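Just the one chain here, laid out as structure tokens, in the form predicted alone.
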């Protein structure tokens, strides 16, 4: 297998129009939340991107093109493109600017916006969509079928997703507090993120990962499967649990799922390495979350900027969040856990740490 590297990245999120703005917002402790009103008189917090536009498709095209540009992909549009989403263009349909189509039509439309000439693949598997796309792109390059591939996570505002999570009583009425002592639910957000994967060496080496589907609990993580996910990811990379210096959690503030995730991780890692979650900063961006959080985390580590935790953590979890960037981290495990039983993780290596 050929080695695969993260060669470029981008993020448009509630923290700003690019990664530089996102880092500045995290450094300042700013976490923008809007309020979305649903029929029936309920309001829910939402991590929305600025730049409102009454034309959903025009806004979506602008944000997608901006993400591709920030990732430096203007000359790489012949590479395989993986479009990862869980909500497609439902926002446009809600606004009366479109109609229901087959799933592939959205990915084809994105390719037209970008003038993409390479093959285009759609990945839609709920919250793990873009992380599964990363694993697919990794396999494509590793097997020698391509030298480059692009993962584009797209999750944009729509009331359908918010209404569904609200109906399941999974949303917080206030602020998400992952691992918090009084956590009471998640807050959704929108993001567009691009990851350029390549066989050409770069700082971040994508070692491998694992994807396990266990539908015994269709809306939650299963601790034993979280453990299995970690063990498979480590084995695929030829690593031991003690090699992992940082874990980027799924943790979004769910009273039950935060517990299940940590229970599974504790069985795979003894002791647990430092932990970090990014959903208190950008919200849960569903299908885009894997790409969005990898882009943001690697940028934070490079810039020595770290997310603030301004709420008390739950002592019963027996695990805390790192208050600052851990020193000398070489290997990072990043996971996303999703509806339908998706348990997905990737392992990244900081090659700068290898040479220091």
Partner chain sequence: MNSFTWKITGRTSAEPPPEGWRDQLTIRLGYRPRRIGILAELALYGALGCLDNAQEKELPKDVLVRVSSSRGPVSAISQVLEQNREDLPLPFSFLQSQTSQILPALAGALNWQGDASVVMARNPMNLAMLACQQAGRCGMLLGWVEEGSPCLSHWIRLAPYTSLPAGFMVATSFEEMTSPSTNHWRLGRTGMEIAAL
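Please read these numbers as outputs of a predicted model, since none were measured by experiment. Residue numbers count along the first chain shown, from 1.
There is also a form predicted in complex with its partner chain; it is not shown, and the following applies to it.
Of the residues 71, 259, 281, 122, just one reaches its partner chain in the predicted bound form with a heavy atom at 4.5 Å or closer; this is 122. For the residues 114, 140, 276, 230, the 4.5 Å heavy atom test against its partner chain in the predicted bound form is passed only by 140. Contact check for 47, 245 and 305: none of the three has a heavy atom within 4.5 Å of its partner chain in the predicted bound form. Heavy atoms within 4.5 Å of its partner chain in the predicted bound form belong, among the stretches 236-244, 194-202, 97-105, 266-274, to residues of 97-105. Proximity of residue 147 to its partner chain in the predicted bound form: non-hydrogen atoms within 4.5 Å are absent; the residue sits far from the partner. When contacts are judged by a 4.5 Å heavy atom cut-off, residue 166 counts as touching its partner chain in the predicted bound form. Residue 175 falls outside the set of residues with a heavy atom inside 4.5 Å of its partner chain in the predicted bound form. A residue is said to contact a partner when one of its heavy atoms sits within 4.5 Å of a partner heavy atom; residue 329 fails this definition for its partner chain in the predicted bound form, lying far away. Residues from 208-243 that approach its partner chain in the predicted bound form with a non-hydrogen atom closer than or equal to 4.5 Å are 211, 212, 213, 214, 215, 216, 218, 219, 225, 228, in the order they occur in the chain.
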